[in-house]
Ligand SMILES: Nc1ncnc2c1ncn2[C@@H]1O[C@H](COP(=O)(O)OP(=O)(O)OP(=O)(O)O)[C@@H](O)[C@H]1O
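Okay, so here's just one chain, in structure tokens, the form predicted on its own.
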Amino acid sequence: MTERLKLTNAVIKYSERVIIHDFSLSVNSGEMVFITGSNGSGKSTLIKTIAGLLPLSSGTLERTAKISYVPQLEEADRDFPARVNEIVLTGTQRRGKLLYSQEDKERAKHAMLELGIYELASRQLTTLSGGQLRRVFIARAICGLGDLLLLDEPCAGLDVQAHEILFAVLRKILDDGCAVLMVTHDESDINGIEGARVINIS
């Protein structure tokens, strides 16, 4: 196994308030790690820091992986004027790349098929339910997937069938060697991946 992420003695603050104190974590390739905890415990803050969106106040963060990140769903996401296939396709974008190739389009189609949203490809985001919109952004992340997938409450708004589809996809990418770090409060998520690690932030 290859270490994809190593966080050592991390301290994360908002202004002067300490949100995460002296926290350490390592994640290897093919490993599933669930982050749990009460509301306000810092779960989303931690995953945003790992994604590089928030700074560490102290400690070290080492990553040897290309990251895909799906944040919590916000109402602003729904208002973005674009079609489903356009959003998913942006997952293939790389720095300096201006046009999408046929391979990019096939990857986007495959991601939509895997998440069960291909029939929504031409729909505007404004017409989608919360659960459908969540799957669109997960498909986007999988379309450009590297070695580490970060998910913040990805099952919010998903029905039972969509939940099962998502976890089938997660098991597949774990088998392919991708590491997955997921924030959740739902025990049914934790039971969905055999051998997963669970870390509770109090």
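Bear in mind that the values here come from a model prediction, so they are computed numbers and not experimental data. Each residue number is its position in the shown sequence, starting from 1.
Omitted here: the form predicted in complex with the ligand. The next part is about that form.
**Student:** Would Lys43 show up as a contact with the ligand in the predicted complex if we use heavy atoms at 4.5 Å?
**Tutor:** Heavy-atom contact with the ligand at 4.5 Å: present for Lys43.
**Student:** Just to confirm, Ser26 within 4.5 Å of the ligand in the predicted complex by heavy atoms?
**Tutor:** Although the ligand is absent here, Ser26 would stay clear of it in the predicted complex, with no heavy atoms inside 4.5 Å.
**Student:** So, Ile19 and the ligand: in the predicted complex, are they within 4.5 Å at any heavy atom pair?
**Tutor:** Looking in the predicted complex, residue contacts with the ligand include Ile19, since a heavy atom lies within 4.5 Å.
**Student:** Determine whether any heavy atom of Glu31 comes within 4.5 Å of a heavy atom of the ligand in the predicted complex, and answer yes or no.
**Tutor:** Looking in the predicted complex, residue contacts with the ligand do not include Glu31, since no heavy atom lies within 4.5 Å.
**Student:** May I ask you to choose, among Thr64, Gln161, Ser58, Ser38, the residue with a heavy atom within 4.5 Å of the ligand in the predicted complex?
**Tutor:** Residue within 4.5 Å of the partner: Ser38.
**Student:** Pick from Gln72, Asn85, Gln93, Gln124: which residue has any heavy atom within 4.5 angstroms of the ligand in the predicted complex?
**Tutor:** The residue from Gln72, Asn85, Gln93, Gln124 that makes the contact is Gln72.
**Student:** So, Tyr14, Glu153 and His185: all three within 4.5 Å of the ligand in the predicted complex by heavy atoms, or not?
**Tutor:** All of them do, each having a heavy atom within 4.5 Å of the partner.
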